[in-house]
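The form predicted on its own is given below as one chain in structure tokens.
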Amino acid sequence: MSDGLPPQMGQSLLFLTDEQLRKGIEAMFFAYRGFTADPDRILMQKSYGRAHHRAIHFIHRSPGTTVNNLLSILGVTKQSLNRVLRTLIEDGLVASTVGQRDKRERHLHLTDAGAALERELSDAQRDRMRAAYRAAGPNAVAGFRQVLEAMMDEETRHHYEAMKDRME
């Protein structure tokens, strides 16, 4: 097999029992809890939540993104996003500018303070991911990413691929 697993082990992965799948689901729940724990502590000090973190992350990844694009990426309601953005703008973490071509568009950028918070949040998550990847090894890293990508629905994958293209 090309994935580095012995053929018999690779075949057995195609026939997972419900119990093995349940363990995988539970592992994801607990891993997500660990993955968000460090940023949650930082956000709590500022009275922010995970929605603020996601907005900051994707504004950082795509400076100048529009509010509508961010809505599409995050998959939240306009009301929910507006509440988050209003707070981030009032607190001086995000700047909103009127579009040059379309005056109805609002383009979002992190301010210096927003970039500093994004870096603090991302550093905490990168440290945790780096440690986990090192412990699991390179084959597990590639396999983990393949599993995550395979679980994405079509619209989510579209946004992910667009972000991935910017990284490469």
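For every residue, the number given is its place in the sequence shown, counted from 1. Because the structure is predicted, anything quoted here is derived from the model rather than measured.
The discussion below concerns the form predicted in complex with the DNA, not included here.
With the partner left out here, the DNA still marks one of 123 to 131, 103 to 111, 31 to 39, 139 to 147 in the model of the complex; by a 4.5 Å heavy atom cut-off that stretch is 103 to 111. In the model of the complex, the DNA lies farther than 4.5 Å from every heavy atom of residue 62.
With a 4.5 Å cutoff on heavy atoms, residue 47 counts as touching the DNA in the model of the complex. Looking at residue 72, you'd find every heavy atom of it more than 4.5 angstroms from the DNA in the model of the complex. Among residues of the shown chain, residue 57 is not one whose heavy atoms approach the DNA to within 4.5 Å in the model of the complex. In the model of the complex, the DNA lies within 4.5 angstroms of at least one heavy atom of each of the following residues of 74 to 89: 76, 77, 78, 79, 80, 82, 83, 86, in sequence order.
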